[in-house]
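Before any questions on binding or motion, here is one chain by itself as structure tokens, the form predicted alone.
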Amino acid sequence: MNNRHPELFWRHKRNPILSVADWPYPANSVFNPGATLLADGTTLLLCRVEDRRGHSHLCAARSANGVDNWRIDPQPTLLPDPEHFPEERWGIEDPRITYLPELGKYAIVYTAYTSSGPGVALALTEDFDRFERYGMIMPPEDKNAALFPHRISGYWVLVHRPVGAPGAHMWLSYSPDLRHWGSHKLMLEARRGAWWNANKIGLSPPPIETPQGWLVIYHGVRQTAAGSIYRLGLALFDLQAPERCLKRGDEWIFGPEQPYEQRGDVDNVVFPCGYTVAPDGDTIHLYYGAADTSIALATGSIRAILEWLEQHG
């Protein structure tokens, strides 16, 4: 631990909490899970499972305490359907789950791996058993997307990360019906130069609604001579105009430090796609992919995170 840098997230002592060794069927790796709390308090992780071809699908794991005794679906929960959705030809990846009270459904925004690159796809479910696919809502190259939990000024809002020259930045798009998207606005730019988050950033888990604003945990990619390093930073956005950034931390707050984060199919990656918030409304459990190989858990305090951002933003 760095004495000059306060820890905002604490790794669970049982990390990694899920790996391919836990899986009920053969696979290469499990990582980058979306997360949600079900009505009965059960933690559900919708995990990205990469098969031995290199193609991914999604599989649900459930736990009463969100740490152990996981009940994993014996078969894939959501498989690519290239016959009806040709954009899913090479797999589906990195789900983010947002519960939409207005619809009484969970929205799963995921990456569809098309023959032209990654695009953003959407599916809705009430039970993680039956899914209503909306298909691709943002064409390639675009990923790292999630929905806000309710309409803002009458419109659904999507965070996503299109790629263009010279960098990859976070954008917002608005929709009246979850199908037709427009009013695109730049949300957060990657920095330039030597920063830890230069040139390429992207949303990590879905935005977190707080009285101070939308708290966003995002990843930045540092290109080094030895390869990329994926680390996490913080920003806060206006509740009514989420394209307006109120605070942005200069420093990264969580990065690959443990062996299971530093070595794997892709070295030096911490990549959260989901979180749950405890009944106290403050304790946040962040579920993340470690080195594209396993799933780990880190816990923090939303209040402490906001205080840090107030001081460092």
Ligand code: BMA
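Start at 1 with the first residue shown and count on from there. All figures in this text were calculated on a predicted structure; none of them were measured in a lab.
Keep in mind that the form predicted together with ligand BMA is missing from the display, and what follows is about it.
From the list 66 to 74, 34 to 42, 245 to 253, 268 to 276, the contact stretch for ligand BMA in the predicted bound form under a 4.5 Å heavy atom rule is 268 to 276. Between the options Trp181, Trp156, Tyr230, Tyr218, the residue in contact with ligand BMA in the predicted bound form by a heavy atom within 4.5 angstroms is Tyr230.
Residue contact check for Asp22: none of its heavy atoms lie within 4.5 Å of ligand BMA in the predicted bound form. Using a 4.5 angstroms limit between non-hydrogen atoms, Glu87 is distant from ligand BMA in the predicted bound form.
Looking at Asp94, you'd find a heavy atom of it within 4.5 angstroms of ligand BMA in the predicted bound form. Ligand BMA is not shown here, and in the predicted bound form it never comes within 4.5 Å of any heavy atom of His160.
Using a 4.5 Å cut-off on any heavy atom, the one residue of 120 to 147 that reaches ligand BMA in the predicted bound form is Lys143.
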